[in-house]
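Below, in structure tokens: the form predicted on its own, a single chain.
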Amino acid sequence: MMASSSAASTGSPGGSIPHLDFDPFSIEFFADPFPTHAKLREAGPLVYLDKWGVYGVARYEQVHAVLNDPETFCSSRGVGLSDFAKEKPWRPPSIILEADPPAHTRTRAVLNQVLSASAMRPLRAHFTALAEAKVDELLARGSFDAIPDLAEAYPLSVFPDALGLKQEGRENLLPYASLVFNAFGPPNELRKEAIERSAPHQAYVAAQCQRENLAPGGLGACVHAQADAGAITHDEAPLLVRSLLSAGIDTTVNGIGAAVYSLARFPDQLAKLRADPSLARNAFEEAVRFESPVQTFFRTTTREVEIGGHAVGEGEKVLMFLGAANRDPRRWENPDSYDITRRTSGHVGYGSGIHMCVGQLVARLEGEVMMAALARKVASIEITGEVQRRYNNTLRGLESLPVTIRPA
């Protein structure tokens, strides 16, 4: 996969930058990224990826530094491979994900308010009741596919209602989110196919973001209310609702899928969780670190900058391997083990800095209450069929996870 690693002479103070010739957007890499992640980290603090002509950072220190320096590493030129300064984006750019301060500061403040801890509090009881009902239903079945029947079914049962979406058309939500994350990648088959199939999903989402289609009192209506208050314009409100729709489901689906997959593979950790259900939140958090549902994001340099002792020019794309940073032995002890008692704070599974995942409180709430329901009700989770991976240019998750669960 990474046949050669030649050094390129760059005249930078740290000597030559290692050039690596693998494709970080290939199915072969997605199937098992961990050996390559290790090679990326070992190659040095900065690498050059010949396949797409971009720089890469895979160690925790450099990934964290890039995420936390938005002035030098901007998002407004796109957080995918495509450089918005040189080519037209496939859709109007996100006014939060693909924006820099001061524009980003204003829109982010609105979403922070709409998705604040106090806004989450009234949702907890409802989210918990639905998680317990879902686990009871699955216990009655015994055997099921943990991806469609749990990891997808549960977020789809709580988040669209919280947002205030109509019932019809919700089947567009997962394909739309998958499209958004595929589009951050290069012009490969995954991206081309996703965009070619996207017209109905895009039309559905555009309509759902309009005020008249959102139920009063939901999170979507709260975004529009911020436009009434003058915090954002009425044209910006639907774009912010779109951001919630894009990022509010797939990441949670893959996070819950990762947690169930981890507990099934590490029964000792399920036993710990059953013995102490207060570990529910951390069990979910550790699964996000361990599997990193969001694997990569790009930034673009706004000036010449030094990374790991190497000079990088202005206008260069830098690919951050979040999944590799989350298993960097320089930062984590026994990084390749799933340990629900680990101190997970600082992982970059939700990003870091000003662009840290705005929906993380919703994702964490859903993940925590589902882990707590499993802790109280389930004695064992056994994988009973072939596990199939779902391939996406940015996301890491499963297509199928056949399991049998027994009641506690």
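Since the model is a prediction, treat every value here as computed from it, not as a measurement. Just count from 1 along the sequence shown to find any residue number.
Keep in mind the form predicted in complex with a small molecule is missing from the figure; the text below concerns it.
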| property | result |
| --- | --- |
| Within 4.5 Å of the small molecule in the model of the complex, all of Val63, Gln295 and Ala324 (non-hydrogen atom) | no |
| Tyr261, Phe290, Phe159, Phe181 - the one with a heavy atom within 4.5 Å of the small molecule in the model of the complex | Phe181 |
| Arg91, His310, Arg274, Arg331 - the one with a heavy atom within 4.5 Å of the small molecule in the model of the complex | Arg91 |
| In the model of the complex, Ser76 touching the small molecule (heavy atom, 4.5 Å) | no |
| Close approach of Ala247 to the small molecule in the model of the complex, 4.5 Å, heavy atom | yes |
| Partner contact for Ser243 in the model of the complex: the small molecule, 4.5 angstroms, heavy atom | yes |
| Partner proximity in the model of the complex: Ile96 to the small molecule, non-hydrogen atom cutoff 4.5 Å | yes |
| Contact segment among 333 to 341, 142 to 150, 173 to 181, 215 to 223, judged by heavy atoms lying within 4.5 Å of the small molecule in the model of the complex | 173 to 181 |
